[in-house]
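Single chain ahead, by itself, as structure tokens, in the form predicted alone.
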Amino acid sequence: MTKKASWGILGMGVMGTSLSRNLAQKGLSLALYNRYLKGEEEGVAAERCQTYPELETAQPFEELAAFVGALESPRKILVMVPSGPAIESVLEQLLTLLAPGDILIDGGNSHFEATEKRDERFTAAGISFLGMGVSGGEEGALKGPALMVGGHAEAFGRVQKDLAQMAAKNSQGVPCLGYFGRGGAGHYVKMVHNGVEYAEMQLLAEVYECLLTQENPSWNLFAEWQQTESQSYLLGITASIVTYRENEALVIEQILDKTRHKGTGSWSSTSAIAQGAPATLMQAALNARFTASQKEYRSKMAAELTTINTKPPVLREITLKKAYDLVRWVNHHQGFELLKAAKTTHAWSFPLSEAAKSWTAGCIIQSELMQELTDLLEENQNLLESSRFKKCHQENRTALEELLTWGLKAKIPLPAFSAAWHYLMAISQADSSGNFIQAQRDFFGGHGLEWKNPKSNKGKHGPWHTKHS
């Protein structure tokens, strides 16, 4: 009789396969499942076991009941299925097959609100449900991803040791595994990770576009930056992307400038709006993707909204780097401020440093800066109020302003860099035009007013209005 497996992995796509290999390399016994679709997906789990030596002892299935029956009790199942109808279908089937005490983990890119509802449904059946954000792509999943978990604390405790083995280890040897509280907390943290990621990618795209305007641009610039405090995973892959050639031609120059997105990156911007948290870089990056996706319309408008073409001015590389270093601080600050706002709304109590720590290795936004931010957050410092940021701001703000001025002259859109500058100006403005907005709202809507000196109106809002008869 075949010994029952300690873990079940459901979904043998890129991520499910890599995570299976990761766990198998740690000595864990596995059962693997992939659905059967005639002519499309047949014998997938068995093929994975034949292809990868570390999976040769894993048990492959394409019949769900048999897969569940192959697991030791209480069962532990990691579901790696895309968000949407596919995961809803498989979860409904599992609900009829699992027993009280079993643990089910959704490791896909699910929306945190969907995770909340699933948690309630499975809890009612006595099954522990965990929502786990996984970041790192195919390579990270295999070698060690960043894992962000939410759901039942007791259930997390039962799988923590195995997940810690699976997770990436940062430079201090700490697993990039965080538990963030009940319900959809883990998927929410992963969602914010993706928002920060969108902005980081857009910033590098804008740097790339700036360099394109220069005569004989130095594509080794990214590799040089990677050896400094600017180091990050995304910067590292950028250094490879801009220099990669096939048949003597740069591949980047052969790629259509039409951006796609799966929609998950927009969730963080939507949540920021709901929280009333300014996440201006995430939103600028998202809108940049929307605009880039309209390739045909952009080509049409390029001919209709003609401008006088002039030779772009020379851009100093040091200006570009200094501006980049400053703006990355702003992006990360906004991400952590969004997490802080969500903690209040959803009554989550995790420290912000726990999120930062889980992002120090294995994930897409891992960087030297993230380790520094982890240290600051462990000291309960507000990032913009830290002496480290103030020093960065003092040294680099002029460079950011020089870059934006250059962009206007070169007619290069810099939405993320610009969003950061506007945020810094607005957040450090003691007196804003907010009083004018109040007056407008009261004029047409009678919404009432807040006074600079409440005593002048005996501490009341209104009934004075800006519209005088």
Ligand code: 6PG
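The numbering used is simple: start at 1 and walk along the sequence shown. Keep in mind that this is a model prediction, so the values were computed, not measured.
Although not depicted, the form predicted in complex with the ligand is the subject of the following passage.
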property: The ligand contact at K340 in the predicted bound form, heavy atom, 4.5 Å; result: no
property: R158: touches the ligand in the predicted bound form, heavy atom cutoff 4.5 angstroms; result: no
property: Any non-hydrogen atom of Y198 within 4.5 angstroms of the ligand in the predicted bound form; result: yes
property: Heavy atom of H193 within 4.5 Å of the ligand in the predicted bound form; result: yes
property: In the predicted bound form, the one of K262, R316, K300, R245 near the ligand [non-hydrogen atom within 4.5 angstroms]; result: K262
property: Selected contact from V134, L373, A323, A285, since only one has a non-hydrogen atom within 4.5 angstroms of the ligand in the predicted bound form; result: V134
property: Stretch from 349-357, 262-270, 291-299, 97-105 whose residues place a heavy atom within 4.5 Å of the ligand in the predicted bound form; result: 262-270
property: Within 315-352, the residues that have a heavy atom no more than 4.5 Å from the ligand in the predicted bound form; result: none
